[in-house]
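Below you will find one chain, with nothing else, as structure tokens; this is the form predicted on its own, and questions on how it binds or moves follow later.
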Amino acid sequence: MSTANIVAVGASPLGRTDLPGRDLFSKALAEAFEELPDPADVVDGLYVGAQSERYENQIMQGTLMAEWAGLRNVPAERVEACAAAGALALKNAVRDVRAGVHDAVLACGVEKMTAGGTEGATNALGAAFERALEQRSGITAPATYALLAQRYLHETDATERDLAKIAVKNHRNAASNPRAMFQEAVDLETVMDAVDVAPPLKLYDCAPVTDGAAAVVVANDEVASDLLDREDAVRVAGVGSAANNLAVAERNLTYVEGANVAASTAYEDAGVDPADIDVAEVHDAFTVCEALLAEAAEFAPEGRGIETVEDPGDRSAGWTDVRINTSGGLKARGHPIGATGLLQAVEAYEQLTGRAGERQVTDADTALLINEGGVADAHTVATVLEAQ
């Protein structure tokens, strides 16, 4: 089996923009290939993570983005797993390189979420709910995550103030991330006094609707060594994925089982333990997700995931020393659905190659990415990355 390496990353600006999705993709692509030959001289396959065609009334995203990258007659496919689409694109690229199907593959993701306004985004995201049990009830994404949050607060000693601290921590991290949509810190009282979205979730507990794109180049050892110095590549050491029940009504609200399976599979594939992970980008579309995923990744004891905000030495016994969402997470960096999983890879790549600037974690050698699609772990992809 060949080794898969991330050799370059790029991202568009994140936020509300007048640019269409294809132009956002072009910006991400241009950054990824800034120091490489043209895409057509490097990659021989492409996967695009895109959640919904509703935003721009556009399908055939694989063909479109291949055309926009100057690629001709290569395999080019759109993949979809709601908010896990970007990580699924990365997983497929890694699979192809490991199997020797391709020498280098472009994994990219794009979403133009503001094109249909708030109503359009709400409807597009609602399509990820189970039709018979949930869609027809009119329930929204914040409302479903509010169910998880209410149950988590009921079954643990966590409070709404604890959830708010996660938002404060992630906004503080985003303040030193030039890629972030919100590059400003917020204080705890501002978060607590914000308007309710779906109690107990308030405005700052929820990731924003975001336009954006990301691109990641995955290559085998031979291509990687031809393109750049060894320390500029990051090895994809492990991958895992799992699909749980689509309907929230069929699941445990305070234990994201599928995420645990995905993370455990990735750990086993990489030959590492949770304690080996230095930095993690976890899917915090809503603040309660970060607590649940810290437990699912086995960084935290059950019921103590809420302590992601504490410094490692101040956490409960059984916690690891991992730093979580140094990018600001979905909450503050931004959440352009199809690109989110690849934006997690962008942050991990920068941390593991010493490019993270003010937010650099000292001696960061191993990273975990967890990207969820649907409500909580309807589909989860986990990836372990290692510095060279």
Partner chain sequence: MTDTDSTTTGPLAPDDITADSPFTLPGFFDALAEGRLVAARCTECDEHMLPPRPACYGCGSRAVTIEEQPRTGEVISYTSVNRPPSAFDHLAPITVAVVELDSSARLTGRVDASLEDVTIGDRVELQVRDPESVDIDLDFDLSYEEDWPIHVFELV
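Residue numbers count along the first chain shown, from 1. Just so we're clear, the structure is a prediction, and the values are computed from it rather than from any experiment.
Only in words, not in the display: the form predicted together with the partner chain, which the text now covers.
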Notebook entry, point to check: Is there any non-hydrogen atom of Arg136 lying within 4.5 Å of the partner chain in the predicted complex?
Noted result: yes
Notebook entry, point to check: Hey, in the predicted complex, does Pro301 get a heavy atom within 4.5 angstroms of the partner chain?
Noted result: no
Next item on the list: Mark Ala143 yes when one of its heavy atoms lies within 4.5 Å of a heavy atom of the partner chain in the predicted complex, and no otherwise.
Entry: yes
Checklist line | Contact test in the predicted complex: Thr122 vs the partner chain, heavy atoms, 4.5 Å | finding: yes
Note to self: On the criterion of a non-hydrogen atom at 4.5 angstroms or closer, are Val7, Val101 and Asn220 all touching the partner chain in the predicted complex?
What the structure shows: no
Item checked: Contact residue in the predicted complex, from Pro75, Pro199, Gly271, Pro312 (heavy atom within 4.5 Å of the partner chain) -> Pro199
Next item on the list: Note which of Leu253, Ala158, Val94, Ala242 lies within 4.5 Å of the partner chain in the predicted complex, where distance is taken over heavy atoms; exactly one does.
Entry: Leu253
Check: Which of 191 to 199, 301 to 309, 285 to 293, 258 to 266 has heavy atoms within 4.5 Å of the partner chain in the predicted complex?
Finding: 191 to 199
